[in-house]
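Before any questions on binding or motion, here is one chain by itself as structure tokens, the form predicted alone.
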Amino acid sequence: MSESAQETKIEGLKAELGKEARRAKLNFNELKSGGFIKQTQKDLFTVRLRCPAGLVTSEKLRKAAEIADRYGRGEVHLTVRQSVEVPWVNYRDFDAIVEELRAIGWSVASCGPRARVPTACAGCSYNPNGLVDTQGMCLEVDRRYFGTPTGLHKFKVSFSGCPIDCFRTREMDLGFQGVVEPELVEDICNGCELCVRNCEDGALQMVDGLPVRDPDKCIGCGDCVKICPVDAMVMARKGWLVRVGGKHGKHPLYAYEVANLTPDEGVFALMEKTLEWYRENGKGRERIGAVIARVGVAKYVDEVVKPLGLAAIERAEDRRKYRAGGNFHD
């Protein structure tokens, strides 16, 4: 299909949706912002349910299945951002669905230009790789900031418990990844070199029979702490590596690392100040990554990170150790 034919088809679909909206006396944009997403089929919507941190009780799962059977076609869709969606729902059933959800303490998730439901891995709750409490932090961020309007575009947040970064903090408007600062207890160390051989980043080397860490190479994964057979390598500090300005989609962006070893209370302060900064500096429908591309990451660090007293990452060379390989175009 030619580009002009594609454009004609898209415009035709938009026109049909406009007619349908007027006939049903519905505002599809407002419904989408409320978590009711218009399908291509007449009068049918997908209902997105709120699942912060991907935690859904068995009671809620049963309710999602009941709603799918009663109001849909018996199908439930699991999205890449941990949401449960029920497709094939008629708009006339919205009120009934909302009431059924409310009865078990559940609700519909939001879309549109606002803070979305945050996502998270299992963190240290039961994942052996987890360094921090991603679940607890994600639920608290959801409680405090879910649905906060930006006035510009969507705002996505995720939490990864370690540098494996399963929840793609590099691709979020604001991402938090667990990191640690290892420290050697010299009197206990037996010089076995296991930590040196196990460090994939070459951040440890033996000097006078003891492992010495190079902070310019260390990414805070904590593998040296886990591998030490005598517990000589310990976690001196742990916190969050903060990334800002990422997104996936048609034109993806990788986020900037802007703060390291941020304590839990710093997460909330960053959320509030970042949303404020985004509203003040954004234009039109820019995502925060586009704002940073336009004004520079240094402006964000100077106006958001530093005033909060966090350990700012300012230099490009200090971010380089976190950079992934692949198809980058300079």
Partner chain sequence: MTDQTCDEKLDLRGVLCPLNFVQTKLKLEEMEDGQILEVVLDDGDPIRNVPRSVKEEGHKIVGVERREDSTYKILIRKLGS
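Values in this document were obtained by computation on a predicted structure and should not be read as measured data. Positions refer to the first chain, counted from 1.
Keep in mind that the form predicted together with the partner chain is missing from the display, and what follows is about it.
Proximity to the partner chain in the predicted complex, defined as a heavy atom within 4.5 Å, singles out one entry of Met206, Ala96, Met235, Cys192, which is Cys192. For the residues Leu139, Leu210, Ile219, Ile227, the 4.5 Å heavy atom test against the partner chain in the predicted complex is passed only by Ile227. Comment: 197-205 is the region of 144-152, 197-205, 99-107, 243-251 lying near the partner chain in the predicted complex, near meaning a non-hydrogen atom within 4.5 Å. The partner chain is not drawn, but in the predicted complex it has no heavy atom within 4.5 Å of Glu186. Taking the partner from the other structure, the partner chain in the predicted complex has a heavy atom within 4.5 Å of a heavy atom of Asp231. In the predicted complex, the partner chain sits within 4.5 Å of a heavy atom of Asp223.
Residue contact check for Ser125: none of its heavy atoms lie within 4.5 Å of the partner chain in the predicted complex.
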